[in-house]
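Given as structure tokens, the chain that follows is alone and in the form predicted alone.
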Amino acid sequence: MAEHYVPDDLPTRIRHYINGEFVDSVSGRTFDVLDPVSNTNYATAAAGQKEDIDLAVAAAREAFTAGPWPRMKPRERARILNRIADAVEAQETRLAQLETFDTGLPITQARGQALRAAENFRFFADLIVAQFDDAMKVPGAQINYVNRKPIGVAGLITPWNTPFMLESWKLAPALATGNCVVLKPAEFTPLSASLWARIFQDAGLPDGVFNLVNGLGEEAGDALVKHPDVPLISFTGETTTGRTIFRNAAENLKGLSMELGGKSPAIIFADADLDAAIDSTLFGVFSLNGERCTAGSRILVHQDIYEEFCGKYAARAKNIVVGDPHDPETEVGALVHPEHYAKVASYVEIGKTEGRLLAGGGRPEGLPTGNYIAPTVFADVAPDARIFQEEIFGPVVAITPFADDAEALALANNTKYGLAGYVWTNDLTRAHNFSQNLEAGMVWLNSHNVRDLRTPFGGVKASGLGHEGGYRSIDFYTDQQAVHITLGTVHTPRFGASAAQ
């Protein structure tokens, strides 16, 4: 096995960033940060508590009420956003190295994350300049128009899978619309998040507009959700945490956008392009180490092609290269953390009692240490099986046959989740009718997960609340104020006029 690559100049301390300064926790508390290949501690991160969140929110609130950012013209903000994008692109190689080291994602997949992050900032820079609002006219009587205003301090809570890119999904629209932010990144992967502060400083973002507090979800995250001066919470993470946030945000009636878990189906009909479907469904569950919310982790295959599909799919899965994330030949790297590795490994053992094991099933040969799990394929999985119903968030897939369209739809909708769906068929009528009946916030027809930034991103059922992306993000991060102006003579009923005469 090749020697584990460690990037140069790794920090040994990761600090908060509040009001333009890097600071330790008020309490001095820290937590260890592990790399997923060696599972050794490479840094200590400041462990944020309520008092650190209070300082960050106060800085953001002051920047919002008294600073220039919310009052800048869209073009001025857009210039800064584009400078941020330039800086992200300029650091693409370094960002990919750090992201791979911190998360265990293969380096070839981490490289694209930096470019996507930059594109998010460019997209919203363009969008706020092009943004226009409605005006409704009643000739000679009234004009009504909509005034969009930034809301205030946005609390952003982000996950540990592709963290830098997913942070950009929230940071770009929140900042573009004139809000100030407090970011609480996932505790497993704080490394790349710490880069935002310097990027924003160098781009000219005013102090206090961006604040970063590291820490555990139940401490720093909980304090951010409950803070009365944070009217917006955007959260990406698993469903159980989402329910807790929903309850805690209710006290102050906060605006919520939550992208939660998934157990997305990929439905393969008998008339599908089988080779293309196999390529897509392999990529859909084994890319990003299977640690992706939109993974097509339930594959439903028509009975006429079921055995052929299973055989070809398993053969390909066995050939997937598992190894050190920094090796460009690697297709599946190390899972993010030993706690998550233990969870996924437990589901692999459960799967051995619930399905026919076709590939994988445990640790790959030649990798005795690190959070490695071989791409694992189970066939003949019943719809009430745990590996069919529960989100595993790793390189594990369940394959189930179906007899007709009705059964396929029933199986596809037979979970509490509803994030994504993938449909493979050459029948155009079936493709559209079937996709529209899927209980999923997003559907891809004869395609893997390729998303246009203008489209809504979000799920239904236990997979989320609300949508972001394109103008939906503008809607979430702004208040829409209706302004009414009378142009003619005001004809108002004169209550009390007769009594006063």
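It should be emphasised that the depicted structure is a prediction, and the values quoted were computed from it without experimental measurement. Residue numbers here begin at 1 and follow the sequence given.
From this point on, the text means the form predicted together with a small molecule, which you will not see here.
Among heavy atoms of T241, some come within 4.5 Å of the small molecule in the predicted complex. The small molecule is not shown here, but in the predicted complex it comes within 4.5 Å of a heavy atom of L216. Under a 4.5 angstroms non-hydrogen atom cutoff, the small molecule in the predicted complex has L419 among its neighbouring residues.
Proximity of L166 to the small molecule in the predicted complex: non-hydrogen atoms within 4.5 Å are present. Using a 4.5 Å cut-off to the small molecule in the predicted complex, not one of H16, G67 and L212 places a heavy atom inside that distance. Partner proximity in the predicted complex, defined as non-hydrogen atoms within 4.5 angstroms of the small molecule, places exactly one of 316 to 324, 123 to 131, 255 to 263, 353 to 361 at the interface: 255 to 263. This chain appears without its partner; in the predicted complex, the one residue of V88, L81, V181, A186 with a heavy atom within 4.5 Å of the small molecule is A186. Residue I245 is the only one of A398, I245, L171, L95 with a heavy atom lying within 4.5 Å of the small molecule in the predicted complex.
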